[in-house]
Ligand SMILES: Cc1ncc(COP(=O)(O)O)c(C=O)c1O
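A lone chain, given as structure tokens: the form predicted on its own.
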């Protein structure tokens, strides 16, 4: 493990989570299909741990730079964080967060479990003004699907000076592009379902932290809440994460090219992608992000029905809810009632896969001609 820590993330994620090297030993970890383990042991029971989980956790830890726990879904991971907060805790969070997170926060407020202050995370002054009295600051950057970028180093630094817990949903950027824990965040969360596993065949989430006491509390949430991943899914996610760097490289390069072309298309009213020099968040993003991700949001000159026609007219890009896979996906986000009301009704979110960029553009250009 000491040698792996010296590796760059793209290499470490390939090397981490391997079995010990022995003559004729396995190169990859096996799938441990066990609920029961002989005593005495450290695991104890199948709800407490699994060798296949551990291998995946080692790989994500090599990326994020902190100890990792994997959960049965991204929402299970997020729920574990909010479940450890005391009743009445004040949470400051993005007003344009992932719809699942937003729905959870709404339910917790309705149950009088927490109080939430919603902010524009790209407005640093607004975020800092909301911090006094905050127990947990929950950030997404870039946000889903508004693609706003928070000045993470500045905001995290200010929050920690006030002894506020900070969690960052790192799903869109991944630790290849930004490392929240290195910036001082307490938690970096990933929907492993997305870019980390990368093949649209796994539901899983992860939490990484450098705080040993916090790790223990979150691990207890997993043990008692039972939101554990399956060993087969963990093995699939581990296999997928090995190619994260090359997948992200291809997808990001294509995303930048597609965003540029979309910005010049007569039927497109607005493109949201921090990699574009014209994007309002570009200067902030380039200060600390190593890449700009593979998700683009754009609004068309047309109605929500027109946006639905565009998404339904593609032949290569799939109309589906998710992102981060090898295949490109898009959808009008407001086809879901849980989407934030301030997200435009005609906004399309595009997750760029690893297909040839010219084929992707031909499909997009053709689909835009359907209204």
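Computed from a prediction, not measured in an experiment: that's the story for all the values here. Positions refer to the first chain, counted from 1.
What comes next is about the form predicted in complex with the named molecule, which does not appear here.
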(request) From the candidate stretches 250 to 258, 186 to 194, 226 to 234, 160 to 168, select the single one in contact with the named molecule in the predicted complex, where contact means a heavy atom within 4.5 Å. (result) 186 to 194
(message) Let me test this: is every residue among 9, 13 and 241 within 4.5 Å of the named molecule in the predicted complex, going by heavy atom positions?
(response) no
(request) Mark residue 82 yes when one of its heavy atoms lies within 4.5 Å of a heavy atom of the named molecule in the predicted complex, and no otherwise. (result) no
(message) I'd like to know whether residue 103 contacts the named molecule in the predicted complex, with contact meaning heavy atoms within 4.5 angstroms.
(response) no
(request) State yes or no: in the predicted complex, is some non-hydrogen atom of residue 172 no more than 4.5 angstroms from a non-hydrogen atom of the named molecule? (result) yes
(request) Using a 4.5 Å heavy atom cut-off, state whether residue 323 contacts the named molecule in the predicted complex. (result) yes
(request) Check each of 203, 245, 300, 91 and return the one that places a heavy atom within 4.5 angstroms of the named molecule in the predicted complex. (result) 203
(message) Quick check on this chain: which one of 75, 127, 262, 136 has a heavy atom within 4.5 Å of the named molecule in the predicted complex?
(response) 75
(message) Do any residues of 118 to 152 have a non-hydrogen atom within 4.5 angstroms of the named molecule in the predicted complex? If so, which ones, in sequence order?
(response) 140, 144
